[in-house]
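Here we start with a single chain on its own, the form predicted on its own, put down as structure tokens.
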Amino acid sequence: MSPYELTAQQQRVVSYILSYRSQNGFPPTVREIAAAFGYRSPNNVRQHLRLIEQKGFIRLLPGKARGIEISASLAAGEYGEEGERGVPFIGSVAAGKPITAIENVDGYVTLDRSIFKGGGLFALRIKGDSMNGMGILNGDIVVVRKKSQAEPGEVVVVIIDGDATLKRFIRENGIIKLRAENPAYEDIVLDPGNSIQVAGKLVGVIRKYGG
């Protein structure tokens, strides 16, 4: 492992810091991080933060309760070594939480920076064959850019009542539909009673062949 890579636990701490800052506009305190991870002592958090600082992802500001300054590369969503980008891999969706909140993140996927540019990316594994008409198969990993609104015709991740689904966004005569790319599936017609959230727009697909 490169000395500049984050360990799995350090990645989880970083993910929490970024999620907290995104929701509140400022970073968490050491005690808030400790509470989020169930640490009995804030010293465990301080040790993680010092190591993360040594790797260049944050800067600690002495004497400040919220003295965690995010590096420019981390703020842009960059992880890993030069030429690579690690993005949160979402294993589940916690109700009421942003999709990249720590409760949802199962790990990180490394992407080629020359292909996937910019920040705000996350990854999901596809379950089922509802999008196979556009070459997205069961088990594929899709790369998604965070976005809170969808334009007609875009393929987006939508959270409906706590479940994430990838579908094409359709608006017809004022009615919103989520359309599969497989004729075996009917449109999902959204009504005002549905609790929905657009999480992001599809930007890429990753597929592994063989063992």
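One-based numbering along the sequence shown. Predicted model, so just to flag it, every value in this text is computed and none were measured. Only the largest set of C-alpha atoms that superpose within 1.5 Å between the two forms is called the rigid core.
As for the form predicted in complex with the DNA, it is not shown, yet the points below apply to it.
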Inset, instruction - Find the only residue in I170, A65, I70, A35 having a heavy atom within 4.5 Å of the DNA in the predicted complex. - result: A65
Inset, instruction - Check whether Q197 has any heavy atom within 4.5 Å of a heavy atom of the DNA in the predicted complex, and answer yes or no. - result: no
Inset, instruction - Would you check, heavy atoms only and a 4.5 Å threshold, whether L61 touches the DNA in the predicted complex? - result: yes
Inset, instruction - Examine Y185 and determine whether its closest non-hydrogen atom to the DNA in the predicted complex is within 4.5 angstroms. - result: no
Legend entry - A150, heavy atom within 4.5 angstroms of the DNA in the predicted complex: no
Legend entry - Residues of 35 to 64 having any heavy atom within 4.5 Å of the DNA in the predicted complex, listed in sequence order: G38, Y39, R40, S41, P42, N43, N44, R46, Q47, H48, R50, L51, K55, L61, P62, G63, K64
Inset, instruction - Tell me, please, whether between this form and the one not shown the C-alpha of V13 is shifted by 2 Å or more, with the rigid core used for superposition. - result: yes
